[in-house]
Ligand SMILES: O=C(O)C(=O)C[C@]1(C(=O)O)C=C[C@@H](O)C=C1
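Read the single chain below, which is given as structure tokens and is the form predicted alone.
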Amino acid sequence: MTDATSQPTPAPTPAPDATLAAYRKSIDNFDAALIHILAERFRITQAVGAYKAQHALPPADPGREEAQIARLRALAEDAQLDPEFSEKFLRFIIDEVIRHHERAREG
């Protein structure tokens, strides 16, 4: 029994689940790889933005964007990944790239 000044004894920590820990480690590795891949992609798109700015090209290329979305939706379907999710993810990236290109044009 505890008195009013002492803290209750915490519940014992469950034993670590080795299977869950292994899954989480794999997810952590994929997340790290994804961040590095995105960083490299943005390095390249920043170079594209600088090139477009130097050559007075528009920041956005709607035709290319739509072709890329169609291509990646097909890849997602082949990989059994929700194509709606893949399109939302790609549109988010494209929107960020366009913002970078607009800044390069202004700067």
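Each residue number is its position in the shown sequence, starting from 1. Just so it is clear, the structure is predicted and the values come from calculations on it, not from any experiment.
What comes next is about the form predicted in complex with the ligand, which does not appear here.
Although the partner is absent here, L81 is not a contact residue: none of its heavy atoms lies within 4.5 angstroms of the ligand in the predicted bound form.
With a 4.5 Å cutoff on heavy atoms, R41 counts as touching the ligand in the predicted bound form. Within this chain, K52 lines the site of the ligand in the predicted bound form, having a heavy atom no more than 4.5 Å away. The ligand in the predicted bound form is approached by A60, whose closest heavy atom lies within 4.5 angstroms of it. Taking the ligand as it sits in the predicted bound form, the stretch 42 to 80 comes within 4.5 angstroms of it through a non-hydrogen atom at T45, V48, K52, P59, A60, D61, R64, E65, Q68.
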